[in-house]
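We begin with a single chain expressed as structure tokens, specifically the form predicted on its own.
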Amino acid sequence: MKSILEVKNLSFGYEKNKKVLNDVNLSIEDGSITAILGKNGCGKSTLLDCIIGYNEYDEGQVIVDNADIKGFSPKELSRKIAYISQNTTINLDYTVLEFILFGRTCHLAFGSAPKEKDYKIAKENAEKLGITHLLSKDINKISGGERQLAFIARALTQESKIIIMDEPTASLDYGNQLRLFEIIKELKEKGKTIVFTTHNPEHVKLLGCNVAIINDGEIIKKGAASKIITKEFLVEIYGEIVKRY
């Protein structure tokens, strides 16, 4: 299969002479699910912030659809990549429906309002996430888990080719985690490419997806989760405590 997303020789640091990512190379196949797995502080979120163009890196490239993302306008990049952050704090007052509709912005002409088709797409994704009963509520007056589902619905409403999720299960209860995994599998079947970070190897095994292991800012192993996620390897990454469980 062809690659839809490539990270080439990417290095990045928030401070001069102190790299968080060091010569990262990663190729993501079109229509695949890839988990970026690693312990807290290893560079997972930093890597995603580079892929979506938030972090301004000087070394390396991020290629989407055979083009460097630095050549895309924000609107063009939004049509390629939808992003779901760990941080679900919102400082403005919107209803849940209005918030989900923001996913349509990259498809609208400047200054134009969402049309009936856009509302239909937003409501269908809210239904898929089980949050239609929240659509008229203030986004800031629902629970953190419910807000996370609204963020996911917004990303689906964006209808981008690639969906990137940073610790998407962090605020979700067990039932909604399983619901999310089912949605991820459905999206793959529809040809979408999913990339998500996690520190939980059980999630990777449950999805049976591809995995890239990041440790101290470097990709140290990548391939099928079924071949990589062994107890011995987890001990190497997370320490001897893994042997007790």
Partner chain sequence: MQNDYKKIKTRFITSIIILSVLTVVLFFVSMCVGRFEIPFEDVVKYFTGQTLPEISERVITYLRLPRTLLAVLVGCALATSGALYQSVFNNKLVSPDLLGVSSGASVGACFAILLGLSGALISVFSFALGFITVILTVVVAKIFKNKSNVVLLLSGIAIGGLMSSGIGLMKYLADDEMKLAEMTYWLLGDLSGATMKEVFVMLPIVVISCVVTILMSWRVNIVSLGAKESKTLGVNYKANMGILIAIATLLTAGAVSVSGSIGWIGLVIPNVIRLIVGSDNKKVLPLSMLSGAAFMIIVDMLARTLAPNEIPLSVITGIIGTPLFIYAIFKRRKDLQ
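Residue numbers count along the first chain shown, from 1. Since the model is a prediction, treat every value here as computed from it, not as a measurement.
The following text describes the form predicted together with its partner chain, which does not appear among the structures shown.
In terms of contact with its partner chain in the model of the complex, the residue from G144, G71, P74, G175 that brings a heavy atom within 4.5 Å is P74. Using a 4.5 Å heavy atom cutoff, Y54, I81 and C106 all lie near its partner chain in the model of the complex. Among residues of the shown chain, L129 is not one whose heavy atoms approach its partner chain to within 4.5 Å in the model of the complex. The closest non-hydrogen atom of L101 lies within 4.5 Å of its partner chain in the model of the complex.
Contact between H133 and its partner chain in the model of the complex is not found at the 4.5 Å heavy atom cutoff. Taking the partner from elsewhere, Q158 is found to have a heavy atom lying within 4.5 Å of its partner chain in the model of the complex.
If you take 144 to 160 and check each residue for a heavy atom within 4.5 Å of its partner chain in the model of the complex, you get F151, R154, Q158, in sequence order.
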